[in-house]
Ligand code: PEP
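Next comes just one chain, in C-alpha cells: the form predicted on its own.
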C-alpha cells in the first residue's frame, strides 16, 4: 500500500515536471498544474493563491472555481481560510469549510457548493509564497497521505516560483525577484549608498526538484550525509582541546547530522518523487517555519544549527559552494544574515554599503563598518531571501531603510539626497584647516575615532585635531588566536607614525559584552553589557592587559603616549589599572628600553557611578573621556540594542544634560581634561549642546567632523546655553524643540 502511495506521488510530480518543461506561458502552466492536481487527487477543485504583495493574496489559477475570478479574487493575509493558512503557515483541513473558524465566502468564485477544504502553505526556506488549496463537494477530511502529497507538491511549486516558472499575465505572476521591496531595519552606521547586491553567502538554487529514480536520489543523499558527518567529526577532532561551548555547539551539529528522524523524513520525501536536494530543502523550510514560532532561545539556537547543517548538505549535493563564478559588481552592497569582523575586513573599502538580517549596533561588524565609513543597516528581515546577486539596491544608513529594486521615483529622490550630501562635503572641505571657533570666540577641539590602520588617512583629510579614541580590540577580534606582543607593538608604532605629531588616545582592550574573542570562553551572563567586560576582565586576568601595556610602551619608543582604561566604574578600579601601568613602565626601565617622553593615563566615564567618585579620583586621573553610548544606556536603563526602548530617550534630555554639566564642573574644579566620545558627538545638534554645556573636546567618526564644525562656527554658545537653561527652568523634558526653534530663528 505504501509503495502504491509513493508511486502515485511520483507519478503526479512527474506529470508536473513535464508540464513545466512545455513551452507555455506562466498562466497556461498554472492552469495545467491545477488540472493535474485535481484529477490526480480526485477533487473537484484545485486552486493556487500567490502573494501579490506582502499583505495580499491573489487567486492565480483554479480548476473548478469560476475562471473569471482568476486575478480578480484577492484577500488580505489572515482573511478567510486561505489567508489563515498564509498567516499561520499551518495546514487547514476541514470537512465543513463554511462552519470553520474564519471562513469567508467569496461569491465571485462560485465555491458555495463545496464543503471540504484543505489548504497547504507554499513555502521556501520558511517564507510563505502562497497557498495551494483543494476542495470537494462531499464532506470529508483529507487523509494524512493526501495532505502529505499536497505538501510535497507545494514544495515543488515554491521552487518553480523561485525559478520564475510562472512569469506571465497578472501582477502576482511576475517573477518574485523583480518586484520593488522596501526594508525598514535599524541604522548601525550612517550614510547613503547606491549599488548592486553582492550576497555574502549565495543562496543554493534547486533547479531539479523532481527526480525520476528514487534509488539514485537516496544514494546521493546518503553519500552527501556521510560526507557531512565526516566533516563534522573532523571539526570536532580539531576542537578537541577547545573551549567547552565550542565543543557543545559541534556536538549539537553531530547530533543533528546523525538524526534518524531527519534522515527518515528526507528519505520519505525522495520516495514521494522529490530529488535529494529538494528533500533537504523541504525539511529546512519546515525547520525555519518552526524557528519563527519558537521563543525559547536554546531551541532557536538548535534550529539554527539544523539550518546551517542543511545549507552544508545542499552545497555538497549541488556542488554550489560560496564561489559561484559570479563577478562582484563594481559598486557592491554586501547582503548577509550576519558577518564577522575578519570577513568584513577582507572586503575592505571595496564595499559601498552593508545590509544585515541580524547584527547589532555594537557588533563587531558595526565597529568595522564605522572604521571603514561604510553605511550599515541591520535587522533588515528577509533581505537574504529577497535579494539576488546584481539587484539594484539603495541603502539609507541615516534612516535604517533599504530600497531593493527601487522604482524610478525612489531612485530620483535618493540620488538627490546623495548629491546634496556630496555638495555639503565639498563645503566642509573648505573649512577643513580652520578651527571649530564659535561666533562668541570659544574653540572646540574635534577629534576622530579609529580602530584600524585604514582609518588613519582620514586624520588629515577630515581636519581632526588627533585621534580621541583608538579601539585596540579590533586587532584581537579579527584573529583566531591571541596576537603577539611584538605584532601589537609594530601596529601601535605604525599608528603613531601615521598620526605624525598629533595625539592618539589608545583605549586598552574593551572585550566582553557583545565583543567576545573567538579564542575566549564566552561567559553565560544574563545581561553581558552589565557583566564581566572591559577593565573588569583586564584586572581579573591581568596577563593580557600587561602584554598590551608593554606593547604600547615599546611602540612609543620615547615618543609621547596616551592610554585610556575603559569602563572604569569606581576609583579603586582606576588605581589598580594605573598600578599595572606603573609596573609595566618600571619593567621597561629595568630592561633598558626607552620610556615615553610623556605618559598620560586616563579613564572612560561610562557609568553614572564614576560621576560621583571621590574628589581624589578627579585630582589623580590624567584625563577623562565620557563614553556617551554606554553612559546613556545606563543612565536611562535603556538597552541600546533594544529598538523598543532606546529611541525613547533623547541625548538632549534635560536630566542627562544636567548630569553631564555636573561632570564638567567637577573636572573644571580639578583642571582635569575632559572629552566626549560617542555617536552623539558626531551629530551636529547634539554636539552643539554638548559644547554649550562646557565640553570643549569631542571625538567622533571622521565624516562627522565637517558637519559638526560647520554648525559650531555659525553658532553662539552663550545663546545656545541660555536656550538650554530656559528650557530646564520651564520643566521641558528635552531641550531639542527649543534648540531647533532657536536654530530656525537664526536662519530666518
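Not measured: the values here are computed from a predicted model. Residue numbers count along the first chain shown, from 1.
One more form of this protein should be noted, the form predicted in complex with phosphoenolpyruvate (PEP), which is absent from this view; the next part is about it.
Across the proposed site, 185, 337 and 396 without exception lack any heavy atom within 4.5 Å of phosphoenolpyruvate (PEP) in the model of the complex.
With phosphoenolpyruvate (PEP) left out of view, the stretch that reaches within 4.5 Å of it through heavy atoms in the model of the complex is, among 371-379, 579-587, 185-193, 599-607, 599-607. Put simply, of 627, 341, 359, 209 only one has a heavy atom within 4.5 Å of phosphoenolpyruvate (PEP) in the model of the complex, and it is 627. Checking 469, 120, 552, 158 for any heavy atom within 4.5 Å of phosphoenolpyruvate (PEP) in the model of the complex turns up a single hit: 469. Using a 4.5 angstroms threshold between heavy atoms, residue 677 counts as touching phosphoenolpyruvate (PEP) in the model of the complex. Though the partner is left out of this view, residue 455 does not reach within 4.5 Å of phosphoenolpyruvate (PEP) in the model of the complex, counting heavy atoms only. When phosphoenolpyruvate (PEP) is considered in the model of the complex, residue 124 lies well away from it, no heavy atom lying within 4.5 Å. Using a 4.5 Å cutoff between non-hydrogen atoms, residue 282 does not count as a contact of phosphoenolpyruvate (PEP) in the model of the complex.
Looking at 127-150, no residue comes within 4.5 Å of phosphoenolpyruvate (PEP) in the model of the complex, counting any heavy atom.
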